[in-house]
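Single chain ahead, written as structure tokens, the form predicted alone.
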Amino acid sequence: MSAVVLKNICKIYDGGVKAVDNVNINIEDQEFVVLVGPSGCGKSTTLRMVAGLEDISSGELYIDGKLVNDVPPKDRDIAMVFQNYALYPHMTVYDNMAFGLKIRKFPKEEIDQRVREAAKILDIEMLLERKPKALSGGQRQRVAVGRAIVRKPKVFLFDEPLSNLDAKLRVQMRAEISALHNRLKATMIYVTHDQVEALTMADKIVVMKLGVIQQIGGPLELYNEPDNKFVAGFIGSPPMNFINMAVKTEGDKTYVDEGTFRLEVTPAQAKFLKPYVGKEVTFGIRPEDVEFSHTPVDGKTINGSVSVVEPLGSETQVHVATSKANVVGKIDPTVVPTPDEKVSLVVAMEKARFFDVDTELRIR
């Protein structure tokens, strides 16, 4: 079993700067967990504490049921893949992958077996005699992953391993690392600022902001049921649209009113918005949950003028300026609106989410 448990983990630097604040995460054996968030949110610091490269200011860290706060990195049975590959330039690929095993005095035959087995898994057998300078970025990243695989560690740690690769190669390597996880059945902790990587790779996602965990859950859970405005805006591409709107009632119907248009909420939404009647809430809707229209639908339409049109081939993203916000919609690529054109975005109101203006917590 290779479970990892973080209990009340904090990291405080000189001057009282709290980089990680009371982090609690249970990572199951063989689970692929992604720590995601903007730069400076504490995700890499958290990973480095698991690796033993950063001291833990307070809290407890367990790997395989053993408290490892004071255990040196070399004795934690983890392997880390860094953003910059960290390969020895004077060594061949074979020697780079074998180096850690040689240091640990593994028999020569076992080293050779492990290196060639890892090279086969990663399809880099033909590169074993090359040096890093003769490799592409993607090949160097495979070597760095291979160096981790040969260790056969309890836990793999990845610190933004794909950020130096071009867009096409990132997509390819994303799939390869996911396939590798399925093949090795290993526990993996992966850090990224790219929420697309998080959504496509993770069994479980940990969203962080300013050193604090905002939400932990599966990709679909975070996408469909965000706990707060930050998670709702961070997960999903393009991000969720937000507009501050007043909650109003008229007869037996409840609306959110922007000033130039209003949207009728569902009966279920009306119940939890009842305490907010007469107040403002933040209305949220994802770009994929609106439809482009030239004809307004009463109580279901965001009205505005087109500010930007982005054709993407399979879809078009249209930016519509309202009196309070810029709303993005994903629309049929055959529809080509023109800048400054007055248009309507018909909203799937059952998909709408609402947030408290002050706390930014989701209202439900």
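For clarity, every value in this text was computed on a predicted model and none was experimentally measured. We number the residues from 1 along the sequence you see.
One more form of this protein, predicted together with adenosine-5'-diphosphate (ADP), exists but is not displayed; see below.
**Student:** Counting only non-hydrogen atoms and a 4.5 angstroms cut-off, does Gly299 reach adenosine-5'-diphosphate (ADP) in the model of the complex?
**Tutor:** So Gly299 does not count as contacting adenosine-5'-diphosphate (ADP).
**Student:** Give a yes/no on whether Gly42 approaches adenosine-5'-diphosphate (ADP) to within 4.5 Å in the model of the complex, heavy atoms considered.
**Tutor:** Output for Gly42 is yes: heavy atoms within 4.5 Å of adenosine-5'-diphosphate (ADP).
**Student:** With the cut-off set at 4.5 Å between non-hydrogen atoms, does Pro38 touch adenosine-5'-diphosphate (ADP) in the model of the complex?
**Tutor:** Yes, Pro38 lies within 4.5 Å of adenosine-5'-diphosphate (ADP) in the model of the complex.
**Student:** How about Ala19 - does it come within 4.5 Å of adenosine-5'-diphosphate (ADP) in the model of the complex, if we only consider non-hydrogen atoms?
**Tutor:** Ala19: yes, in contact with adenosine-5'-diphosphate (ADP) in the model of the complex.
**Student:** Residues in which of 44-52, 63-71, 301-309, 321-329 have heavy atoms within 4.5 Å of adenosine-5'-diphosphate (ADP) in the model of the complex?
**Tutor:** It is the stretch 44-52.
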